[in-house]
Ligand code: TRP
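Read the single chain below, which is given as structure tokens and is the form predicted alone.
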């Protein structure tokens, strides 16, 4: 059975972009693929979070993963730091990663530009830790967005470099996975780009009805169409993209017709969009609250996930260490 791996940093909350971009599809493939889902708390350390915030972030993402439909009986759902083999492989791969390569990554350049006073080695070797997350389970497929394609390519490079240097076939080269269809790019509410935590333009799975409505009603629009059947500007196309994700086809068609005959009222569109988003997210929000309060269940899930993940990781690390020549006397 093909192995699929995905992870998310333990900061913030999951939003509609996470849900429609990947989570819904993850739920569907749990019966057909061997899936590993992890919460990347080690990656979060590059921003120096407060210890209590770090743990609460892990708890938050875990509860939201489960509420969105990930099944711990079918998949391994685990916390990155609870699988120490990841760090051991990280050390081995760091010996094969070169400073110039890491400095040229788009993510490192971006972090340096936005946080010039916190250019730590963890940021520089961030792609190597990501590669370790992937290669420790010998994952064949990794769902990635456009902004992560370079990191996946580094994982492929390090897998290939390791195999060539040590004359072995320990690591497969992971491939991008799109669930058999085009990946969904969920736009933000600020009129451009994608929905994301750092952009502050998202609707979160934990948002209540009032918060969702307020966010949607503030979404950027324009003065409206002036000619029938005119193309939509990006800010309006973004709203229609969201509408197509959460609303019935008849609803989308109604507003398409209103746009085309220049009678569209953005207030009506936003009210409908907010209501339809709530239909999707509020049941998830209820499950989040229930799961978050069940400490025993969360503990059981992480224990089950850790056991599965460590079994997989230990098998891989043993092969890697043998190839390198790290052996016990």
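Since this is a predicted model, take the numbers as computed values, not measurements. Positions refer to the first chain, counted from 1.
The same protein also exists as the form predicted in complex with this ligand; that form is not shown, yet it is the one meant from here on.
Self-check item: Option touching this ligand, based on a heavy atom within 4.5 Å in the predicted complex, out of 124, 142, 243, 212
Solution: Checked against the cut-off, the match is 142.
Quiz prompt | Contacting member of 280, 40, 67, 54, with respect to this ligand in the predicted complex [4.5 Å, heavy atom] | solution = Checked against the cut-off, the match is 40.
Practice problem: Would you mind picking out the stretch of 253-261, 132-140, 221-229, 164-172 that comes within 4.5 angstroms of this ligand in the predicted complex, counting non-hydrogen atoms? | Solution: Every other range fails; the passing one is 132-140.
Practice problem: Please run the contact check for residue 5 against this ligand in the predicted complex: heavy atoms, 4.5 angstroms, yes or no? | Solution: Yes, residue 5 lies within 4.5 Å of this ligand in the predicted complex.
Quiz item: Taking 4.5 angstroms as the cut-off for heavy atoms, does residue 306 touch this ligand in the predicted complex?
Solution: Although this ligand is absent here, residue 306 would stay clear of it in the predicted complex, with no heavy atoms inside 4.5 Å.
Practice problem: Flag residue 9 as yes or no: does it have a non-hydrogen atom within 4.5 angstroms of any non-hydrogen atom of this ligand in the predicted complex? | Solution: Residue-level check for residue 9: yes, a contact with this ligand.
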